[in-house]
Each structure stands twice: as C-alpha cells, then as structure tokens.
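Heads up, the chain below is alone and in the form predicted on its own; it's given as structure tokens.
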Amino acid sequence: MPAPRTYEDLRSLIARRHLELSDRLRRIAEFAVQHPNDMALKTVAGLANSIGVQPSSIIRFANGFGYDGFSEMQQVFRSRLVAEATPSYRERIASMHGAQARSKGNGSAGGEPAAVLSQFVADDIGALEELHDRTGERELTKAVALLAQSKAIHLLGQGRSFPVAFYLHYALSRLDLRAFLVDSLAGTAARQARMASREDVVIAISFKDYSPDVVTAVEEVVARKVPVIAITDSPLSPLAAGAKVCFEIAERRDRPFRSLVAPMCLAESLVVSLGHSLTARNS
C-alpha cells in the first residue's frame, strides 16, 4: 500500500491501524494525532524526547506507514501547516498572553481571579473556533438524520462528560422524543445500554482518560450493530472505531480543569438542528 500523501489520509490510516501497533508505536501514533504541529516542525531527536521513545522508534513508525524515512512523513505534516497557515484564535491568544507576561517580567498569569477568568474565556473561545472549523457539515447532517429516524435515543456519559449527556436527555425529552439516560447506577451501564436496539441511536460522550463503563457499553452496542454517535477527542479514541458518526473535540491537556463549552455547544447544535428537521418533516 502506498504511503498517504495528505494529512487527512495519514490520520485516517493511523486511526485504522492504531490497535495493531506495539505499545511504543501506539504512543507515537497518539502524539502524532494530538500534536501535528510538533510532528511538522521538530527534529527526530526533539520528538523522541517529547514522546519518551528512542529516535529509531520514530523512524520505524514512519517506515511502518510506507515512508522511506521520517523526513518523508514529516512533509505530509508540513503540508497541513501550509494549508492551515493562519494561526487559530487559541494560538493567537496564547501568544498575546505570553507577550503580556514577559512584558511584566512574570512567567505566568498567576492565580488572580481576573487573570483566571481571562485565560478560561480565551481558551473557550479558541475551543469554539476549533469546533467550528473542524466539524464538517457532512457529519452534522448524518448525525441529525440518524437521530430523526431513530425510535429512541440512549445517552452515555460518565464523570465530567455526564453533564453533556444529562443536557441531551433533558433537551431531547423537551422535543417529546424517547430519550434514555444511561446513569450507570450500581455499575449497570452495559446492562442499561442493552436496551438499545438497531432502530435506536446511542450518543456516547467520553474524553481521555476514557470511562471504562462507557467504552464497554459502546463495544457491546456496536457488536449488536446499534448506530453510535461518538463525541470524543481523537480518531484513536475507543469510541471512534465503531461509530457511525464521530465528532472529535480536541482538548488542552495542560489545564487542571477541562472545559465543557465546546461539547455543550455541539450538543445544543444537534438538538436544535434535530428540532428543525422534525418540524420540517411534520409540516
């Protein structure tokens, strides 16, 4: 098989082959998907240091995907940078904050409430911009069509993803749809998810580190060919493999508190779009 020549093709191939890679190569694959700019700009030695592997492992990773060496694979990541030359809002705001901090002779924003609020607002605006840029019309349309034709919708989300599932349950119920919240009470997520049939849809929400209950329940319903709409953070997520539609919301993992602004915005958009679709169908 020839080596992928576009970033999207390479990303898709990494996702398909992710589970068959060794632990070390899997670690490189996860880094490549989460940090494509680093893959485009860093040397092999710099990447090896960031990932915690030997430089030879990165070369072996490139060879495994059909490239003669890492420099050939790196050109694919660099082509993505050229295509997306305009820095994102998140990158611009981070640069601005860095310049402000340096001008004050201070390396961080500190813990002042106003500074904390400013940083969260900037991060969330960046996340929303990224959601807008990376969420395709095709995925949105397919997800709404699946929901519109389903007999029931089952919502799966644990931990910090639970508020998104709870909101979806509330909002879908307000549309007079049959919506079931899988709450995993007493560890029964997989059992509750077995209620879903092939005529239903499961919406599963989970981000790294992925909820074992959600992952297990998704694997069970996928095995029974129940349609799944996944809201997650990576094409390498265990929720992505069997999903009919997968929405990827990249996260900043250098923050102790991760925001739900982008997944909530996506959830609201799905509900409102579904409402319009049902109104048009019934009019």
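So that there is no doubt, residue numbering starts at 1 and follows the sequence shown. Take the two forms, find the largest set of C-alpha atoms that superpose within 1.5 Å, and that set is the rigid core. Just so we're clear, the structure is a prediction, and the values are computed from it rather than from any experiment.
What comes next is about the form predicted together with the DNA, which does not appear here.
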_Is Ala223 near the DNA? Define near as a heavy atom within 4.5 Å, in the model of the complex._
no
*Would Thr43 show up as a contact with the DNA in the model of the complex if we use heavy atoms at 4.5 Å?*
yes
*So, in the model of the complex, is Pro55 in contact with the DNA at a 4.5 angstroms heavy atom limit?*
yes
*asked:* My question is simply whether Arg60 lines the interface with the DNA in the model of the complex - judged by any non-hydrogen atom within 4.5 Å.
replied: yes
_Going by heavy atom distances of 4.5 angstroms or less, which of Gln192, Thr141, Gln119, Ser71 would be at the interface with the DNA in the model of the complex?_
Ser71
*Would you point out which of 43-51, 231-239, 214-222, 30-38 contains residues with a non-hydrogen atom within 4.5 Å of the DNA in the model of the complex?*
43-51
*Does Glu72 show a Cα shift reaching 2 Å between this form and the one not shown after rigid-core superposition?*
yes
